[in-house]
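Shown here is one chain on its own, the form predicted on its own, set out as structure tokens.
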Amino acid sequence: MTTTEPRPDPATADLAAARDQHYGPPGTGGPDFQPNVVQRFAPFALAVVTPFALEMIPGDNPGNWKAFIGLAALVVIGLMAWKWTPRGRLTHRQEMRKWRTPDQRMLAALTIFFVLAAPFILASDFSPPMNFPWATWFAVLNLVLIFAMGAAAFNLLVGYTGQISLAHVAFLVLGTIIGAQVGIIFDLTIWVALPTSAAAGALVGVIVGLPALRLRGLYLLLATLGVHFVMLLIYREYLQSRFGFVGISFPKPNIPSALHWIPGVNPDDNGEFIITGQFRWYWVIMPISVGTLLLMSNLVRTREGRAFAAVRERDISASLLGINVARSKLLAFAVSSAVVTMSGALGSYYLGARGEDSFDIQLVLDYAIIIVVGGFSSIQGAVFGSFFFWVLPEWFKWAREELWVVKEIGFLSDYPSEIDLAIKGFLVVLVLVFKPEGLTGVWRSTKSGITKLYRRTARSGS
């Protein structure tokens, strides 16, 4: 009795041959490379350690030698992240990793370096030429981080799930109310106010999202616009009954004494560590903002995130695919509202005061500009859009006052606000016409071009 071996599928054999030709046989090194644990985490560890190590080195800094060491470390971090990145045939789990390709890992490591080094650079006594407002950029950076949280949450709801809502400012108001009630009336710390505001935002978000189960498009927009005005009415009543017409003055938060062991947390003479000044606020805002952005970025990559996209395309098709449409919509409202409410509370504490006119419908348009210019359906676009929204006016202001060609044009100085709006509007149109994907599309094209250039150079060198 003879047995017949199963014949290989020609299509599978051809695919395997093609992959072997491209990547090489498994385990032979070269492009088919899997890093060990040390290689995988070394670039990120170096990116975390380097800024603090440079800051702790005592002595003068003649010739800005620390900056040269920082740049050298930056190059080393990039090369390590590029070289020690998994390549070749990957498992499904490896394919789903966030920073899988060499350029993604290198960019992540460099971003960590910049995020950690930025406060030390901006807090230095460096004086740029032409009176460039060095210290001003610290406040701008903190505002960018706070706005990026709210814009990413707005993008999650509008861009990913397709639920057009104008209740965004209503949740910023809710965050301010919860922050004032918990932090001032109940006399608790900001560390209680922030999670409380997130929980309250999620709960109210589910309630506000209930109309989305039956309404779509313009009808949902009008329903959420009503939420905006109702929340403003509640806010004014709360403001007048609790704080009068002077507005809310938020106390400066402090770090609890149980956490004074953290490196860099050195209590003042009164034994407290008050969070005041841009440097200290940065180390409060940055982890919250980055952690929230990573959370939402991972959420859209999960099963629930893909359900959001399916719901955005069409409810009926999503339900035929087995997706619980109602659950997806309410989850999107809950997550988005929780993040926006928390950013409202955090922003109120950071700014220190809120009045009756702190919130208007213009804020919704500002967030819409941020996500459209930054990139629709992109968490990364929220960060780019926030930079665009906050950095551009500061740069225009500096250019009008110091840039020798621009400051001679009297028309620009006579109508600064109008000129800023006109230039911003022109840039928005420019981005939308030539790059509908927004600044995220510009960034991806640039990154792709640099990667191709690097690979071409490396190939020609070898």
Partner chain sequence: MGAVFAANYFDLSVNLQLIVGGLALGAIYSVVALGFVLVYKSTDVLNLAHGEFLMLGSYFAVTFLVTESLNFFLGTAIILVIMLFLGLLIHYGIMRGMVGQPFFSIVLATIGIATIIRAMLLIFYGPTERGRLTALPGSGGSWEVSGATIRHVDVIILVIVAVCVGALFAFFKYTRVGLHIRAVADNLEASAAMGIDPDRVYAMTWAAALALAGLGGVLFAHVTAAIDQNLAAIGLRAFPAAVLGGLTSLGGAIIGGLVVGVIEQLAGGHIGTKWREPVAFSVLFIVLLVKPTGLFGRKDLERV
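Predicted model only: the values in this text are computed from it and were never measured. Positions refer to the first chain, counted from 1.
The same protein has a further form, the form predicted in complex with its partner chain, not shown here; the description that follows concerns it.
Residue contact with its partner chain in the predicted bound form: Arg301 places no heavy atom within 4.5 Å of it. In the predicted bound form, its partner chain lies farther than 4.5 Å from every heavy atom of Gly277. Proximity of Ile57 to its partner chain in the predicted bound form falls outside the 4.5 Å heavy atom cutoff. The shortest heavy atom separation between Pro263 and its partner chain in the predicted bound form exceeds 4.5 Å. Contact with its partner chain in the predicted bound form, defined as a heavy atom within 4.5 Å, holds for exactly one of Ala326, Leu107, Ile164, Leu143, namely Ile164. Contact annotation: of the candidates Ala353, Ile361, Val192, Leu321, the single residue with a non-hydrogen atom within 4.5 angstroms of its partner chain in the predicted bound form is Ile361. Here the chain stands by itself, but in the predicted bound form one stretch of 71-79, 332-340, 206-214, 377-385, 206-214, has heavy atoms within 4.5 Å of its partner chain.
Each of Leu225, Phe229 and Tyr415 places at least one heavy atom within 4.5 Å of its partner chain in the predicted bound form.
If you take 389-422 and check each residue for a heavy atom within 4.5 Å of its partner chain in the predicted bound form, you get Phe411, Tyr415, Glu418, Ile419, Leu421, Ala422, in sequence order.
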